[in-house]
Structure formats: C-alpha cells, structure tokens
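One chain is shown next in structure tokens, namely the form predicted on its own.
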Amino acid sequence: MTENAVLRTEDLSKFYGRTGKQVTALENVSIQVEPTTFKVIRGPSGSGKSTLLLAAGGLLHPDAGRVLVREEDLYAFSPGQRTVFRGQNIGFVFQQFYLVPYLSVLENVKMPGVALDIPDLDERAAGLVERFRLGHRVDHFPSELSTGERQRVALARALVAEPGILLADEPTGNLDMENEQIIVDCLREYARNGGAVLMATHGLRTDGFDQVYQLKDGKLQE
C-alpha cells in the first residue's frame, strides 16, 4: 500500500440480512487511490460497486475493515465529526443527480460550500458553471435541464469544495455519448490537477484509466 494514498480501504466487508439469510455485499476488499489518479471499479449490477463507494465515502458503516481518507480512519469519528470531515475531503457524484428541485443551477452548485463557509464560494461556483458549459442555464431549475445538464450540475456541485477525492457511482449510466465524454473528460482534468477519482461503472470502456478494479459478488478479481 502506498503511504500517500488519498483513500485506502483495508479488508473491507459488508453483509446484509439476518443470520441464515446473510448476503455478502463486500468481502475483504482492499483498494487505494493516490493523488492525480483516475481509477475505476468495474462489475455487473449487484457486484458491490455502490456498497464499496458508500462505505469508502463514509455513508455506510462497514461490518469489518477500515476506510482511511488522508490517513484518517473515517469510522473512528463520531457521526457529526464524520459529516464535517466528509464535506471537507470527499465529493460524490451519483447516477440519480439528487439536485434540489427548487434551487437554480448556481444555487445547487454552491450548496455544499455554504456549510463549509468557503470565502470565495461565489467565484468558485460561477467558474464551475462556466467550465461545465452551463452559463446559459445558470438561473434555470433542474426540471428545466436535460439529463446531461443535470449530471454536469451534479459534478460541478461535487467539486465546489475542492475535495481531495471524488467518488462517482455510474455517473454516465443515463447519458448519451457526447455527455458521457464531457463527464469523463472533466473527471480526468480534475485528476490531472491533483485530485483523485474513483468511479464505478458496468458498461463504460475502461481503457485509458490508471487502474481498473474488477468486482464480482463482493470480491476483487485478479
């Protein structure tokens, strides 16, 4: 394991169900993501990709193993401490977007930074809106956007706090090829500029990434 990894999981396991009907979602999964790298978790639906990302991001307590972000054990924190740490260090992008319907594009992008009291939040958010080709939509609401535009808003929102690592769960699953390429190119740029990306996918071509983890039935494959 590399010491400078932004994210590291050690023998991560997660089980669902009750005794006798237990389902193994993850079993002894160890991965790491270093700065300036773009890594992919590939596997079919039900392989444990989303469970791994949720656990790695501090949103789902594992049953065994550890998650280290910047060498801090996420699940050694209290829930309140973990929430603050997550907001400062981890960005999330999901296939479902989770935009606030009554906020404009700019307001949605700014939202994570409000609680963190970022002094240049307005400038950051406006810059991201332009970077993701959303300047003509800045005052529009999510219901007025295309699917690709909504995903770009979600990505801009995830980056506004400049997190050390971005976790992306099937972010291109609902997109056409043009918007898929826009999202992947933006993630590559983020990694090149010092960030770290871990993306789950089941269908995206995985050539050209720094590393591809193959997950099947909750286990990493050789």
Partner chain sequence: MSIWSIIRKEIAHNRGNFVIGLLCIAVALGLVVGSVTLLAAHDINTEQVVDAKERETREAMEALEDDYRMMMRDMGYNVLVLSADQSIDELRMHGAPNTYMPVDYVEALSTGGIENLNHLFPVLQQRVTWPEKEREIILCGTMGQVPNFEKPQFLNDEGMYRNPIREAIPAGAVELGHDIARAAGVAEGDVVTLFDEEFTVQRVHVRRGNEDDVTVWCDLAKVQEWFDLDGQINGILALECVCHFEEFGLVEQEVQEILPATQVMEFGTIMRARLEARARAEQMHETALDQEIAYRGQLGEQRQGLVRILVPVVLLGAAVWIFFLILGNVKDRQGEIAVMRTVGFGEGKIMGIFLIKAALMGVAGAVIGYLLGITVGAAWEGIVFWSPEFGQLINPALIGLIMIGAPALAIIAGWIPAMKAAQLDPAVILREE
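Residue numbers count along the first chain shown, from 1. Please read these numbers as outputs of a predicted model, since none were measured by experiment.
The form predicted in complex with its partner chain is left out here; the points below concern that form.
- Checking 44-52, 29-37, 64-72, 179-187 against its partner chain in the predicted complex, the stretch whose residues place heavy atoms within 4.5 Å of it is 44-52.
- Its partner chain is not shown here, but in the predicted complex it comes within 4.5 Å of a heavy atom of Met111.
- Interface membership of Leu175, defined by any non-hydrogen atom within 4.5 Å of its partner chain in the predicted complex, is ruled out.
- Shown alone here, Phe92 lies within 4.5 Å of its partner chain in the predicted complex, counting heavy atoms only.
- Taking the partner from elsewhere, Ala115 is found to have a heavy atom lying within 4.5 Å of its partner chain in the predicted complex.
- Along 57-94, a non-hydrogen atom within 4.5 Å of its partner chain in the predicted complex is carried by Leu59, Leu60, Thr83, Arg86, Gly87, Phe92, Phe94, in order along the sequence.
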